[in-house]
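Here's a solo chain for you in structure tokens, the form predicted on its own.
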């Protein structure tokens, strides 16, 4: 399921690094959001220009294609830090303590391995586009900036995964039930309870 997570904090080096790195991830996520906003403005301008003046934006499709990389990848590490990616937790939802953290550690190791392979492949793809001067079909936009976003965003994700490896390894060593700097996935009942509490609190504020 799509996870909703709680991130605990303390004064440890791990937690401080986690909070500092999260600011960087949030900034990249903001850039991705601004790319979406810019794309909405571009689409609106294109539609109005075509409808009112028969003047669509030249190379509209090319700009959309380039923007997709920013939209799809810049928020990937931010989402992972919050435990927001879709995951199947039918089995691990029944695990607790060290057994749970061991399973999470193994999952992160697998994800890190896949991510490193993707970084290597996407970097080669970027370098090939840069080397041959690859460009879009309509207005000849260079494609390498968008292709560079992919290995860059995946590298940011890889560093986040390393922080999570540290967090899970620390939890295994200490036998902690509530480790810091890792997403603690909440059950559907916990999420529903929090949403209900939020609705009730908003209702009380409106009445006052």
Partner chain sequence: TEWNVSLWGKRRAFTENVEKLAELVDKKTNGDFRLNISYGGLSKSRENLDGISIGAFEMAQFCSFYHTAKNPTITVTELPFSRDVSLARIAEIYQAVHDHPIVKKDLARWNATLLMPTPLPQYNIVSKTEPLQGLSDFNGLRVRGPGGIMGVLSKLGAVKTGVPFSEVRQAMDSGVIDAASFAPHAHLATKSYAVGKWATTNLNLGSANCPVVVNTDALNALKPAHREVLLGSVGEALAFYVDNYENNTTGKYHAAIKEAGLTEITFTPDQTAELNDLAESVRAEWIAKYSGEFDAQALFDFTAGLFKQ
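Positions refer to the first chain, counted from 1. In this text, all values refer to a predicted model and were calculated from it rather than measured experimentally.
The form predicted together with the partner chain is left out here; the points below concern that form.
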* Does residue 65 reach the partner chain in the model of the complex if we count a contact as any heavy atom within 4.5 Å? -> yes
* Does residue 61 reach the partner chain in the model of the complex if we count a contact as any heavy atom within 4.5 Å? -> yes
* Asked: Though only this chain appears here, would residue 54 touch the partner chain in the model of the complex if you measure heavy atom gaps against 4.5 Å?
  -> yes
* So in the model of the complex, does any heavy atom of residue 98 sit within 4.5 Å of the partner chain? -> no
* **Residues within 4.5 Å of the partner chain in the model of the complex, restricted to 100-136 and counted by heavy atom** => 125, 128, 132, 133, 134, 135, 136
